[in-house]
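Next comes just one chain, in structure tokens: the form predicted alone.
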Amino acid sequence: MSIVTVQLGQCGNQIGFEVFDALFSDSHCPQGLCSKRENEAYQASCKERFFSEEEHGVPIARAVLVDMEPKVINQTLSKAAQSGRWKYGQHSCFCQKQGSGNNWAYGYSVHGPRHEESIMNLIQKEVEKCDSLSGFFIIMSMAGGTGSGLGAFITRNLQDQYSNSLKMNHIIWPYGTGEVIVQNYNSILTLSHLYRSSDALLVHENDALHKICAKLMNIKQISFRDINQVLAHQLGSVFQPTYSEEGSSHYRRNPLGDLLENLVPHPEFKMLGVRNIPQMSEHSLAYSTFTWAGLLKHLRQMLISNAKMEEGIDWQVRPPLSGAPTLGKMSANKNLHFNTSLANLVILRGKEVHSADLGGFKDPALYTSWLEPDNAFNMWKTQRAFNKYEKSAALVSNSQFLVKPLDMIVGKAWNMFASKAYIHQYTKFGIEEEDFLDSFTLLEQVVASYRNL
């Protein structure tokens, strides 16, 4: 089954390019550490998901590119074409001459309705090229105007027109220090609208990605391209093919469906985060060896202490005792910042993958009391190595990891709203104070639900 990717705004288009490039590079990597037959099956499965038929031998990304300014889309198209390895479709882009000026309301209420028909037609053409559709992967930021406002509008339309297809929004969480004065407004409006129309929100935080570039990749002058490549590596380690079940050599057919079935057991809880290990520069990789036991011990501690990378993990954080009364568990969580999970999926790739012991992730103390670990934990595996890493593990988790950042964004937006700062910029495009209040109410409920896991 195929995934149609919708790249929105500057951020979505730049990330989208790196994601397709990472997927293509990995599936054509000679160091897959598996048989030729296995490698060919892996390549075919990746191609079915993300690339459509070739034009002159060059695969075409299953993607629609949307931005309200032409510059980034033109750069993205030419970068893909210059690579000579894959490209975007000739008629898969929509751009205009006027941006959204970092105003969510302009993207949602002006650009959305004005260009709805053209954009939805492009998406429909892309859907028609799929033998069967797994769903939509929508890449956007939430701080600006086009990705966030138009992104929320398009997601709502996809929900109306393709109600039986899955929608996963990949969201870039803005830097805490902020690039845009109204980013907190844009963020709460984006999140609250997506919570109503998307099946899952896969979140990457700019601050965490920046740290990975500095500490793990040893990059001195960090650019957005560096950050996007780290992010693309993480997404690739989740979305590339894995076996459908233990001992099988057939690849999963429905990547989005399987992900959401494993990770979103209740519509109140849609926030997903990704961690992966190891992640390092190519230079360091040449001198490193890994064991599954070591990788999984670190990954589990990253989960429970809510660390985004293996450096600087807090090893003091321990799961509360399983038998402890609920109240005790709550206060233990508060004291030690223990990150309670609703659902976890571990994806293992590489050598001796069948010898890896994942018992540590099945501990009931890691999970909320209303789900059994058998339902809350899943693992996917393949012997095919990912992106030159002999052994690698990715963890997609639905946990309390975003409670603090979400609470902070809602708090900052509320403080501005209480003093009516910049509200006129939104009301003049039809977003009323009532809409803000609805967003606050919904997101405060999300924070409360996650807190009480």
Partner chain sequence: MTQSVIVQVGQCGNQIGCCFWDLALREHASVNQKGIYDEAISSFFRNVDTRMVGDGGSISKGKICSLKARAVLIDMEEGVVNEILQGPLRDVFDSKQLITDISGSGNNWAVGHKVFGSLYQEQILEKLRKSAEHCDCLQCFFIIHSMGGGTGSGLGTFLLKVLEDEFPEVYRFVTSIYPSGEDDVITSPYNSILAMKELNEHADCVLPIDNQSLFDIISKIDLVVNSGKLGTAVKPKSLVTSSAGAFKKQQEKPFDAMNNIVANLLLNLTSSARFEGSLNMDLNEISMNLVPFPQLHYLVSSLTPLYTLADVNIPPRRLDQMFSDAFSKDHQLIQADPKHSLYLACALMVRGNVQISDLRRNIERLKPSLQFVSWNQEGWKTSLCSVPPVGHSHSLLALANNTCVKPTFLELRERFMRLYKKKAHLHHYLQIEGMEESCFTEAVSSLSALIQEYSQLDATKSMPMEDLPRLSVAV
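Positions refer to the first chain, counted from 1. Note that the structure is a prediction, hence the values are computed from the model and not measured.
Omitted from view is the form predicted in complex with the partner chain, to which the following refers.
Item to check | Candidate site Cys34, Lys47 and Arg196: all three near the partner chain in the model of the complex by heavy atom within 4.5 Å | outcome: No, the whole trio is out of contact, none within 4.5 Å by any heavy atom.
Checklist entry - With the partner left out of view, is Ile181 within 4.5 angstroms of the partner chain in the model of the complex by any non-hydrogen atom? => result So Ile181 counts as contacting the partner chain.
Checklist entry - Could you tell me if Ile222 has a non-hydrogen atom within 4.5 Å of the partner chain in the model of the complex? => result Answer yes; at least one heavy atom of Ile222 falls within 4.5 Å of the partner chain in the model of the complex.
Checklist entry - Looking at the partner-bound form in the model of the complex, is Gly101 within 4.5 Å of the partner chain by any heavy atom? => result Although the partner chain is absent here, Gly101 would touch it in the model of the complex, with heavy atoms inside 4.5 Å.
Next on the checklist: Considering non-hydrogen atoms and a 4.5 Å limit, does the partner chain approach Asn378 in the model of the complex?
Outcome noted: Taking the distances in the model of the complex, the answer for Asn378 is no, it never comes within 4.5 Å of the partner chain.
Item to check | Residue stretch of 36 to 44, 421 to 429, 57 to 65, 385 to 393 approaching the partner chain in the model of the complex, non-hydrogen atom distance within 4.5 Å | outcome: It is the stretch 421 to 429.
Checklist entry - So which of Pro267, Pro113, Gly176, Gly312 reaches within 4.5 angstroms of the partner chain in the model of the complex, heavy atom to heavy atom? => result Of Pro267, Pro113, Gly176, Gly312, the residue with a heavy atom within 4.5 Å of the partner chain in the model of the complex is Gly176.
Checklist entry - in the model of the complex, which of the listed residues (Gln159, Ser83, Ser244, Gln75) lies with a heavy atom within 4.5 Å of the partner chain? => result In short, Gln75.
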